[in-house]
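Form predicted on its own, single chain, as structure tokens, below.
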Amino acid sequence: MNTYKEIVLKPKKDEFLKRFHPWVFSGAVASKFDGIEEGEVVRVLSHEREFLGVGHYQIGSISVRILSFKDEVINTKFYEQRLSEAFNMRKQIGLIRPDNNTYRLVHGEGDNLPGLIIDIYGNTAVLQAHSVGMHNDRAEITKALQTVYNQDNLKNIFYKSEGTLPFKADIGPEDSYIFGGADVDDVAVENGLKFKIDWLKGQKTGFFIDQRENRRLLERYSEGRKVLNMFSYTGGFSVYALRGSALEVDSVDSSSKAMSIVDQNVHLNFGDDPRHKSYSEDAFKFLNNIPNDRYDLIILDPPAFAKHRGAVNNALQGYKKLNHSAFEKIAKGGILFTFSCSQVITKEQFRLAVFSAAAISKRKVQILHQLTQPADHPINIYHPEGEYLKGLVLYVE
């Protein structure tokens, strides 16, 4: 048995842990050992002193994120085991292959490592910590990564903390290479397409890996269509549409830096392709100002409109307004790919917002596909909160 400090739960507050849910909420805690520091590994006990799990202690509404329901030590060997399981799963389902070296290796609770994100871009791993515990354990995680990849295939490990650390400032952001950094190739391959990845300054870890399968689906629908990619970021959907033989592809994003990378990604794959144009403009204004019937395939993939429950109502109004504009503008027989990546918005709420937008527009709309996150963003069956990406593919008469 390990010697970690202990947290004891209130009576009848252990049921969720016995169902393998990985969170201990602050309201369930009866008592805790004096002097526990944020990020420290603790043992969680029931009111009857029955062992329930070990995990990282955190100040906030979630007091403990459970790492293991076994009474084990959290060290480099532990991380090696978890990372090996994550790697093997992705290898088994065919995600790691010569024409695809871009994938998420660790998706927090989905891979039984709450608070940790690891994305792989060719020979570079990008780590993000969403808890103090994972921030503190980054050295052990780095060693475990090197062992799992035998160092040959992994030449760089970059730690990206900017915008992801929901904890006290004195820990400090420290975006830097914690391994390698000399032999860096910032072009990765996804389904045979090349993408420049900006993990230094880009959003998330530099690329929206979670849309990979949805981009491939879009490619199938692109032939002969005029495509508008709203909130395009670095142009993932645009590049797939071009490969899918779209007649025209217009990318729109308010970030001029992102649009510069869109142009680079198009050039990487297709050279100076006259079918593509990029616009650094506000997406809502652009959509409102285009003529009706200009596009017959529109992608709406906005940033999260709601990051906490208090913003849900405003977010739903935002989705309704955005989709209504698309229904008003899209050509007859057009196809709309529309998404929400807001975790606090349910599938039902998002679908209702899109339904309301369709009803106001008085267009005939049919659902062709209901989309979600891909297999390298798995949802722990005991943690349904891990499902965040929702999408619909709609045919608009």
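Just count from 1 along the sequence shown to find any residue number. Everything numeric here is computed off the predicted structure, so don't read it as measured data.
One more form of this protein, predicted together with a small molecule, exists but is not displayed; see below.
Of the heavy atoms in Ile118, none are within 4.5 Å of the small molecule in the predicted complex. Proximity of Phe87 to the small molecule in the predicted complex falls outside the 4.5 Å heavy atom cutoff. A residue is said to contact a partner when one of its heavy atoms sits within 4.5 Å of a partner heavy atom; Phe231 meets this definition for the small molecule in the predicted complex. Remark: Phe208 counts among the residues lining the small molecule in the predicted complex, judged by a heavy atom distance of 4.5 Å or less.
Of the listed positions (Pro98, Gly271, Gly310, Pro303), a single one reaches within 4.5 angstroms of the small molecule by any non-hydrogen atom in the predicted complex, namely Pro303.
Screening Arg225, Arg215, His135, Arg104 for any heavy atom within 4.5 Å of the small molecule in the predicted complex leaves a single hit, Arg215. The three residues Ser245, Asp293 and Phe337 each lack any heavy atom within 4.5 Å of the small molecule in the predicted complex. Heavy atoms within 4.5 Å of the small molecule in the predicted complex are found in exactly one of 72 to 80, 153 to 161, 137 to 145, 275 to 283, that being 275 to 283.
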